[in-house]
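To begin, one chain is listed below as structure tokens, in the form predicted on its own.
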Amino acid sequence: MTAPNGLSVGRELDFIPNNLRESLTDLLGAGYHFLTTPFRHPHYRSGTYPLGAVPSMFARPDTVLSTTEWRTAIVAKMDPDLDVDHPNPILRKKAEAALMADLKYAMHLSVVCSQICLKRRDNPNLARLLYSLILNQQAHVMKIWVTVPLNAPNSMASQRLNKCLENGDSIVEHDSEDTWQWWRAFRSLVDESEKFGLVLELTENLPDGHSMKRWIGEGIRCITVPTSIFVLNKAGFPVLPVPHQRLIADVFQMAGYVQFQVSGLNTKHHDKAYLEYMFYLQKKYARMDTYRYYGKGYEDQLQIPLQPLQDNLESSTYECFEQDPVKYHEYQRAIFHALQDRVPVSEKDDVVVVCMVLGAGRGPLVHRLLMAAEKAERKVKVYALEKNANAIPTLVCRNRQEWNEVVTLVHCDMRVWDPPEKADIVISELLGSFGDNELSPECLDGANKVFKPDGISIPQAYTSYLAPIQTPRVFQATRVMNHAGREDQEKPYVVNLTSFCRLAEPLPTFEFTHPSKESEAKDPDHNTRYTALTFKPCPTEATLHGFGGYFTSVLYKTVRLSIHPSDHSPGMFSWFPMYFPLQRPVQIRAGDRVTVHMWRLRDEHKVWYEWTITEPEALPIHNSSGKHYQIGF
């Protein structure tokens, strides 16, 4: 059900086509990629299904399509009238038997996806049946698509109004049905299993902006677009209203890979106009900037944070980071201004600025330093220090072939190096996704002795930030990794967060400045930190799955680098955010405050973070004593 151009669009039918083979051939020929269809005979609808008469319920044999076609082009649509949570036990058991027969037949056909529809918030028996089926699967890999309408039907609003009038409840509190609550309740019942994917059905009316972001944060698998919400433009072609177009634009930009299916079309006429319009929206809104281009394939994927102080980076890692033109352009600007400030124009022919690149890698900062010096017309003496022996041959080669051997190369750890002279300017790129998580404070404090009393550090300062986030897809990924205990949910990860909803704006967490005062640099506990952050109340109900971590850095005066969501350096892709998970999801009510506590701790061999929340409820301390994650010296 995938498409070469990255957009997969299917058709959803409400009835069984007379000739499935012909319908599927016509559909694929028109350019659609899959068909969502019921396949149980209409005589066996809810309430009329004869218990025990399973063999004759299906409208066609499995041989009408090949196994490959069943597997790649068909989504099995379960009868939406089957109510396995019906209060009448007889009707409930009949519905259970019919649903399980449908699902097992879909598995027999090798269908990889079956679609069910939620019609209310409480579906415990439905969740039990489906979760049990999924857990007991052996070789089959079928997943369940769960369709939820974006807004509840008007009939449900009337039912809730009547109910609150009967109970004497406040109408204000019950004037609408939040269908996101249906989905949240259901995914909680199935233990947030990745086997269940959200299918969001668009409705004529749309929720507010924050509610929509909350939906996008759920990791939508597919969006159903009914033809009834289309309007005709001046040329007579079907188009979506502007608010719906904006919603689709947000989905393309924020939700990662999402499939679409068009519902409500005539079974014998697969109108290509709707298909072409969906591809038009993709072309218009799914534009890929530099950050998204280099992040493609890493969406919502867990990555273990690098530890370049403990481990030597590989050549491929150097190559990846060196492709970021924004970061090194900003470093060059910072060096340029620092050189100009260091040496007045009147002294530029006489004064030589001693510059040291600590952690030179394969030399990108050295190259930018020399370019900045040439542009600023300042004389420099350059030292390039690198502890990774595997990177030294490249530095030697570049020094000979590109830099005219003007660079003094040193193979040493910056913390133990005894320099022959002090530095006017020290340049380093030791920042991680959370600012200090690659031990920049410890490294630069260890190298504090190389600075002249008035020496300049580039970067001069950096600040980390935390924000509460809802991200079921990423949270579930930590659980999949976790095979024994919950240690993988007590580790931070680097994640290209795509399917998530930020529940509040990020708040500053830890700040570091360089160079440190000599007395501070010698204090082993100088870089330990603790903070408690209370975020603005959440405007809607939500689920807290952890915290997104970001940083901003002042390279020199007004020259900055940032992955903070509000002022992310345009086009910079060297850092994805950090993700600090919680051991379990926490339900947030509208108006609830979230308070997180974060520690940065150390001993003789390592640095680690500990974190927890105390509002809206208290959880255990995560990663206590660094038992699950630490950053080694």
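Residue positions are given as counts along the sequence shown, with the first one as 1. From a predicted model like this one, the values you see are computed outputs, not experimental measurements.
Beyond the structure shown, there is the form predicted together with a small molecule, which is absent from this document and is the topic of what follows.
Residue-level contacts in the model of the complex: of R415, R71, K143, R333, one residue has a heavy atom within 4.5 Å of the small molecule, and it is R415. Interface residue among P506, G359, P459, P441 relative to the small molecule in the model of the complex, by the heavy atom within 4.5 Å criterion: G359. Taken together, the three residues K213, F252 and E299 lack any non-hydrogen atom within 4.5 angstroms of the small molecule in the model of the complex. Looking at K387, you'd find a heavy atom of it within 4.5 angstroms of the small molecule in the model of the complex.
Looking at K327, you'd find a heavy atom of it within 4.5 angstroms of the small molecule in the model of the complex. Looking at L430, you'd find a heavy atom of it within 4.5 angstroms of the small molecule in the model of the complex.
The small molecule is not drawn, but in the model of the complex it has no heavy atom within 4.5 Å of C222. This chain is displayed without the small molecule, yet in the model of the complex the stretch 359-367 from 359-367, 487-495, 101-109, 189-197 comes within 4.5 Å of it by heavy atoms.
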